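Next up is one chain by itself, shown in structure tokens, the form predicted on its own.
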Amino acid sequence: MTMDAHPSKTLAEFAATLEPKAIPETVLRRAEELFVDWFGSALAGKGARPVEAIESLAREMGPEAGEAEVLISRRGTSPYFAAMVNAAASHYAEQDDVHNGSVFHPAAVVFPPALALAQSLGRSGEEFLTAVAAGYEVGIRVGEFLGRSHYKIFHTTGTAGTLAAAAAAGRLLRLTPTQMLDAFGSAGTQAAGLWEFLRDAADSKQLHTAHAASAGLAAALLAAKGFTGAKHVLEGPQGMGAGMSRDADPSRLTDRLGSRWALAETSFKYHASCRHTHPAADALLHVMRQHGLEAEDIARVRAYVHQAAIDVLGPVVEPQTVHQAKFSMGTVLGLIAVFGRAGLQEFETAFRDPRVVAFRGKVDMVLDPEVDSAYPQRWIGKVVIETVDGRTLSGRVDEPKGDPGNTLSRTEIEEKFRRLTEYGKAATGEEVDRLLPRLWAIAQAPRVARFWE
């Protein structure tokens, strides 16, 4: 890699000037799939207490009408408040997408500001997807730049996500490269999100995405009005890398920019839990199916994991809420062992099931050098199981379900969409039947209109 003297500027120029014809057809089709996947996650947040609290605040503070749509309530408002609520809603069910290498959930912070502005400004579906691509490419690269040390303390989706939101919004506002750089500066100075909330089962995770989406959008809107921002907000001596990382690598910001499409590397989430639990969950399920095991046959499970899994999941010892349970390796593996899946309904109804709680006590996480060295580019799942009859069985998964090499088909995405909308009670089956064709055809829309009109 060659070192760019001003990577923030290069990244801003890319986001501001990206055109549809520069994006490969396969990447645009992947963006459609990610859009449908995200929309389902946004609807799944309906009724969730922290999401409804943010929606209540948005109702009190924002306009009562507008072209930007709040998906869970079907009302119109300003782009700022629509982005805020939709971002909070889409990160609640823990089913929104993830990019492995950056350990970043792009959809929850890119689609909300992009959809809100596209609806408000009357942009085409093609321009909407172009802006989405800009947001993914910027956000993922910022996450990779900030590195593993950043993720130990900071929730990358809240930090890098603010830049991603600014990039998507800035592209729809048709900012110049100079204005886009100003937007990045204003976004970066607002970037925030700490993992400490997990210890208290607090609601902060929804605030992280709500803030990132709305703050990034505001940064772009301000830049359009001539508001200036730091020109080296990422790589500068007092920028994000200096203040929020010990291993920041500026070369990652512009690595193969325009030829490597990080959007296409993004994974779908299959289990309704923190992504750090997925590799071990898939490995355990594989061993249980291979050997015909039931939960009661298992005496102990050792999940061999990367350090970030221990950092994020380790503090959750006895989960007190559904959401906190999704960050408990023992609970996730317990649901897999007892029910064969760790889906939305399993978490909602059974995370305190005595059989799951008993299994949780059998699970240990062990730092594994191979798994840790492969992370975050690859998320390997390894488990060793001791059975009650004295056997020792091992399992391994190199690509968890949902990764690009083990992806979801469009049929599986639709099935997941229906589960998500049913969970949130956000739409009837008939409404989903009418909605899905419109979502899949977003690229052909001459104008991105509201979906619940």
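As the structure is a computational prediction, the values presented were derived from the model and not from experiment. Each residue number is its position in the shown sequence, starting from 1.
Another form exists, predicted together with another copy of the chain; not displayed. Remarks below refer to it.
Handout entry: another copy of the chain in the model of the complex: contacting segment from 346-354, 78-86, 251-259, 93-101, heavy atom within 4.5 Å
Key = Among the listed stretches, the partner-contacting one is 78-86.
Handout entry: All of R141, V287 and L367 within 4.5 Å of another copy of the chain in the model of the complex, heavy atom check
Key = No, because R141, V287 and L367 lack any heavy atom that approaches another copy of the chain to within 4.5 Å in the model of the complex.
Practice task
Considering only heavy atoms, tell me if T176 and another copy of the chain come within 4.5 Å of each other in the model of the complex.
Solution key: Although another copy of the chain is absent here, T176 would stay clear of it in the model of the complex, with no heavy atoms inside 4.5 Å.
Practice task
Look up in the model of the complex whether R49 has a non-hydrogen atom within 4.5 angstroms of another copy of the chain, and give yes or no.
Solution key: Result yes; R49 sits at the interface with another copy of the chain in the model of the complex.
Handout entry: Close approach of L263 to another copy of the chain in the model of the complex, 4.5 Å, heavy atom
Key = No - in the model of the complex, heavy atoms of L263 and another copy of the chain never come within 4.5 Å of each other.
Practice task
Report yes if any heavy atom of D297 sits within 4.5 Å of a heavy atom of another copy of the chain in the model of the complex; otherwise report no.
Solution key: Outside the cut-off, so no.
Exercise for the section: Just give me the single entry in S373, T228, Q377, Q320 that has a non-hydrogen atom within 4.5 angstroms of another copy of the chain in the model of the complex. Expected result: Looking at the other structure, the residue within range turns out to be T228.
Handout entry: Heavy atom within 4.5 Å of another copy of the chain in the model of the complex - residue from L207, A281, V312, A272
Key = When another copy of the chain is considered in the model of the complex, the option within 4.5 Å is L207.
Handout entry: Stretch 227-252: residues contacting another copy of the chain in the model of the complex, 4.5 Å heavy atom cut-off
Key = Counting only heavy atoms within 4.5 Å of another copy of the chain in the model of the complex, the contacting residues of 227-252 are F227, T228, G229, A230, K231, H232, V233, G236, P237, Q238, G239, M240, A242, G243, M244.
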